[in-house]
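Below you'll find only one chain, the form predicted on its own, shown as structure tokens.
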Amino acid sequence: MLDAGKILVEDRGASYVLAKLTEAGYEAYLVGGCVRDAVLDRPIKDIDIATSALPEQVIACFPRTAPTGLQHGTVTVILQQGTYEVTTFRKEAEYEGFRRPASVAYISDLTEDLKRRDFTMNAMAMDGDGVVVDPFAGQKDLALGVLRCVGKAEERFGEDALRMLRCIRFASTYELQVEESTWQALLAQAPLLRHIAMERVRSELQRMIDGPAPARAVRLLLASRLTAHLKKQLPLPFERWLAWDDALDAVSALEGQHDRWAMLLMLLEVPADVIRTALQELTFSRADGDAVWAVLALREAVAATHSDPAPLERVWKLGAVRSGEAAARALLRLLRVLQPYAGQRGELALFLDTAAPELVRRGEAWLSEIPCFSLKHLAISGKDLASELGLQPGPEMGKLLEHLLERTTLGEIPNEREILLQAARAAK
């Protein structure tokens, strides 16, 4: 751990806000994640400031502000260097829906404000001189590699059930061991997760998988059984990850979040359409869900060569065009990472032993032979078919264009307008 005060040197805007509030006679501190990351000498993402000043007093101290969260005592200070959220010290009443406080009360005591936070490492503050205020021994816990709730863990998780997923994320991201009483409280309170909206769950899961230790996050999720208590039950056998435990470590070798999700979901060995439904239930964006699903659908299509006499090259090329070039290249990346884990039981293991090695060897070359991956890159259009062949827009024209795309994909005809028109006349 290095000098946490460097954040004030590097971020002049934060230093200015603290100084202005202090000069006006109020207490003001950096709080939460920015202090934690500064203590750990990690990159600072978001800066939050807490103060004894009431919202209207904060507004009076700065020429430009925005009332972004007055119901929670938050004012955004707008500077040339950026924007800074400033929140009045507060304590919270009973929580509603195991997620949000019913009301907040402004207070003048920093320690009381920090007491409402989730984990000791997030309950630290730092003043304008770089002095860390740490009433709950967050620095000690970080030095010991321990993640611990502030106060009673049962109460913290009972107030906000999403904190249980945050516990998993922090433990994996910061390589921490969850303190025993905190872990036991998480196991006991796990059913409360059913009160949390799926989009909140999805956000935490995405941050875990996109983090530096996705395999550790997955193992902690399995050990906690939190996935059994989601608001919507997903048709996914998460326990199958246990059979691929060694392969989980390879997930971090994949850079993109889409690749990581595709690999993890592939290891579950369920149909691609089931995965698509689960991603929708998790409120993945359509773009994210489609990107992951396309990889799994392509793998499924290629795996069918076990029972289909069609040559692997043909299935691969046609599948790559249907799923898209990006999905095809993503699948090749996954197969390269998974190759060392072939030889196990199950359909996926059989695929890794049979079709996958040939794809890894020749898949890229086969992709390079495909002249176009979509109808919009075909050298002929529906307008051409209408003017040259008299076809009307509709299913017949669509089928003909798909036929032409398939023939160019397989190298049966070149992607040239006149030859495509000739082929269209013959097919008509």
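All of these numbers come straight from a predicted model, not from anything done at the bench. Numbering starts at 1 and follows the sequence shown.
This protein has a second form, the form predicted together with adenosine-5'-triphosphate, left out of what is shown; the following refers to that one.
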Residue within 4.5 Å of adenosine-5'-triphosphate in the predicted bound form by heavy atom, from Y84, F170, F351, W244, is F170
Using heavy atoms only and a 4.5 Å cut-off, determine which of Q139, T74, N122, T227 is in contact with adenosine-5'-triphosphate in the predicted bound form. N122
Although adenosine-5'-triphosphate is absent from this view, report whether R166 comes within 4.5 Å of it in the predicted bound form, heavy atoms only. yes
Would G32 count as a contact of adenosine-5'-triphosphate in the predicted bound form, using a 4.5 angstroms cut-off between non-hydrogen atoms? yes
Though only this chain appears here, would K45 touch adenosine-5'-triphosphate in the predicted bound form if you measure heavy atom gaps against 4.5 Å? yes
Would R116 count as a contact of adenosine-5'-triphosphate in the predicted bound form, using a 4.5 angstroms cut-off between non-hydrogen atoms? yes
Counting any heavy atom within 4.5 Å as contact, can you tell me which stretch out of 157 to 165, 127 to 135, 184 to 192, 354 to 362 lines adenosine-5'-triphosphate in the predicted bound form? 157 to 165
Where, within 204 to 235, is there a heavy atom within 4.5 Å of adenosine-5'-triphosphate in the predicted bound form? Residue list please. R207
